[in-house]
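We begin with a single chain expressed as structure tokens, specifically the form predicted alone.
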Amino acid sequence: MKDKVGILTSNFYDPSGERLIYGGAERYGYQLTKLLLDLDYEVEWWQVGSGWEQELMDGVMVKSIPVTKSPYETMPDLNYAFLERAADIDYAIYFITFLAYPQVKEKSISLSHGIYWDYPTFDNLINGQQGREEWLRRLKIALTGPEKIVSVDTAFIQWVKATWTGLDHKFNYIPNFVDLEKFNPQNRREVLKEKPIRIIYPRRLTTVRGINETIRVAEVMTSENKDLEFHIVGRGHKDGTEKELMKWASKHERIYYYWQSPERMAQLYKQMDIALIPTKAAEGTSLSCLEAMASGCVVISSHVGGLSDLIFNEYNGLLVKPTAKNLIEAISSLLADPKQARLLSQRGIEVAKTFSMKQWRKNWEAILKEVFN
């Protein structure tokens, strides 16, 4: 009989079970599931929902638990219910750090996708300073329970080390991955040599991902430069968000909004010159940043979370504060110096090779062998 791994998350599907959420974290979960299956584990996922079950892939079910409360941005009811309902699992992975509060399976790993509380309204969600103290208490318990914590970036590890000494032994830094067989510069257009020049925003349509600033940049720059195209490629959390953006884009020449499956993004990047990753908060080592970089796009990114683990300013991309003004200036600097832009592109391709999926799988295998032995 195969050993069974249960993975607890908040949402792989939306709570209704009707819409698969396919952002970076969910893509990570999909690849982690494939790795576990390749290592001959049986896998099941658990999340918030009304009791429905969905098949994620052959033989892998996503099971839902009717829980709605999230006091202090934690989900203790979901945590307890997982321990009760997934009683037949041998090992557990808590896909988000706070889900390991207040209890964990004996042989367990938790996963940090990056700092997620670095935006101004987070304190409102946890009821101010008093709430922050309780949230910190719960987070520390969540970090103490699992045998190992996998962090996708160094920012989270350094924050924990500065906040609570004595927990750093639990951490393993495994940055996110890029599939170099799919995302590479083969048969791509040469950066900034063909017209129109294409700029892509390959991100979720959320404020923390910088969509509002991108919209402003696209409006200004396409009105001033007839050789520019903007491609906004990503999903919103709701269908209404996507419909509104499509309606807005249709009113502007050379601004396009659409969504592509991850399988088709590899070819799309080859047709782009510049990629905007203007994250304002809650970021790890972005998959879209890695994929754009590996494909030869010049990346303009921000000093947030794990992005500075990927981009070294003016070496393999540009790091700027993600305001519309700064993004416009960064794009303009690349347009004014195509030779430098192509150098950044080439270096980005080389740096991306150190984040291969092959290495990511190797690093995860070592952790699984150590904890699930």
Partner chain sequence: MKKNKLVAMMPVYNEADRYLEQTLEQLTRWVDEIVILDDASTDETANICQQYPKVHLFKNETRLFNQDETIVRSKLWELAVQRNPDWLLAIDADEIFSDRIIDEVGYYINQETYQAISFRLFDFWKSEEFYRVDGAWNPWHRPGSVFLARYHPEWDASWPDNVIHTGRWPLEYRNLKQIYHSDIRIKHFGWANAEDHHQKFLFYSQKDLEQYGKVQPHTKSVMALPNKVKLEEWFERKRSLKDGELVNER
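Keep in mind that what you see is a predicted model, and the values were worked out from it rather than measured. Positions refer to the first chain, counted from 1.
FYI, the form predicted in complex with the partner chain isn't displayed, but the following is about it.
Here the chain stands alone, but in the predicted complex its contact with the partner chain, taken as any heavy atom within 4.5 Å, falls in 196 to 204 among 196 to 204, 106 to 114, 84 to 92, 68 to 76. If you check the partner chain in the predicted complex, you find a heavy atom from every one of Glu55, Arg235 and Gln260 within 4.5 Å. The closest non-hydrogen atom of His231 lies within 4.5 Å of the partner chain in the predicted complex.
Taking non-hydrogen atoms only, Gln271 approaches the partner chain to within 4.5 angstroms in the predicted complex. Looking at Asp239, you'd find a heavy atom of it within 4.5 angstroms of the partner chain in the predicted complex.
Met357 falls outside the set of residues with a heavy atom inside 4.5 Å of the partner chain in the predicted complex. Interface residue among Leu180, Met246, Ile141, Val220, judged by heavy atoms within 4.5 Å of the partner chain in the predicted complex: Met246. Interface residue among Val150, Ile255, Ile126, Val191 relative to the partner chain in the predicted complex, by the heavy atom within 4.5 Å criterion: Ile255.
The single residue of 26 to 41 lying near the partner chain in the predicted complex is Tyr30, the criterion being any heavy atom within 4.5 Å.
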